[in-house]
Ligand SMILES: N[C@@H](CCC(=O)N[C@@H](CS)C(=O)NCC(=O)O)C(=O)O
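There is one chain below, alone, in structure tokens, taken in the form predicted alone.
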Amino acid sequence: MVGVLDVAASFAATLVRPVGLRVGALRARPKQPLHLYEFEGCPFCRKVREALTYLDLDVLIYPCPKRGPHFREQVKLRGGTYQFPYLDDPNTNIQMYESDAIIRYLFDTYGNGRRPVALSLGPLTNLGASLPGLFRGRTGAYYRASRLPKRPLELYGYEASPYCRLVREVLSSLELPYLLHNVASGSPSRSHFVERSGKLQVPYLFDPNTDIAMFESRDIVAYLEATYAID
């Protein structure tokens, strides 16, 4: 369950790393969502998610928490090693490791080629991306027994939202795949999101396996635990 301390710590994580709040310059949009194998608590994965938010890209997330039995193995089969993040772009048939290489590819392909300062400072970027871990630790980084859904869930949000972070952590630890719709400030996708959900509030979860849709991080976390966690 989400407690007051969890919310406070997540807000602190956003304050020390306020990247992934708004959308930047965009180019052609991909026809299909990108695929990203990653996990919460990994600073290199965080950098890539920040880039995806900035570029307003939908991405199918395959969580790969430590000891996870499913998607980590897929990465090993695809690329030959357990290394994260791992990007698969079905629009260009590009697959790659290395967060900096992934970020450069994303901005060259779907942006104007210029990375924001917060994502282009090398070791300083890595240090900044590690700071949220001071408050959230490795939450979401380790697998907890769960039932895999037949179809990926859908989550509307953006990287730096403290409430979205709390939901992503549970999705990651339970190894639940989900389609992430980025709707940060300035996103042209926001109007479609409001048409679907009825209001501009994140996180918003839709589960096509149960036809359940809901707002509020506390309610979403409780639903995920009750529906997919195995005690």
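This one's a predicted model, so the numbers in the text were calculated from it and none came from an experiment. In case it trips you up, residue 1 is the first one in the sequence shown, and so on.
Not on display, but discussed next: the form predicted in complex with the ligand.
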TL;DR on 109 to 117, 127 to 135, 147 to 155, 81 to 89: the one with heavy atoms within 4.5 Å of the ligand in the model of the complex is 81 to 89
Proximity of residue 43 to the ligand in the model of the complex, heavy atoms at 4.5 Å
yes
When the contact criterion is heavy atoms within 4.5 Å, does residue 66 count as touching the ligand in the model of the complex?
yes
Does the ligand come within 4.5 Å of any heavy atom of residue 54 in the model of the complex?
no
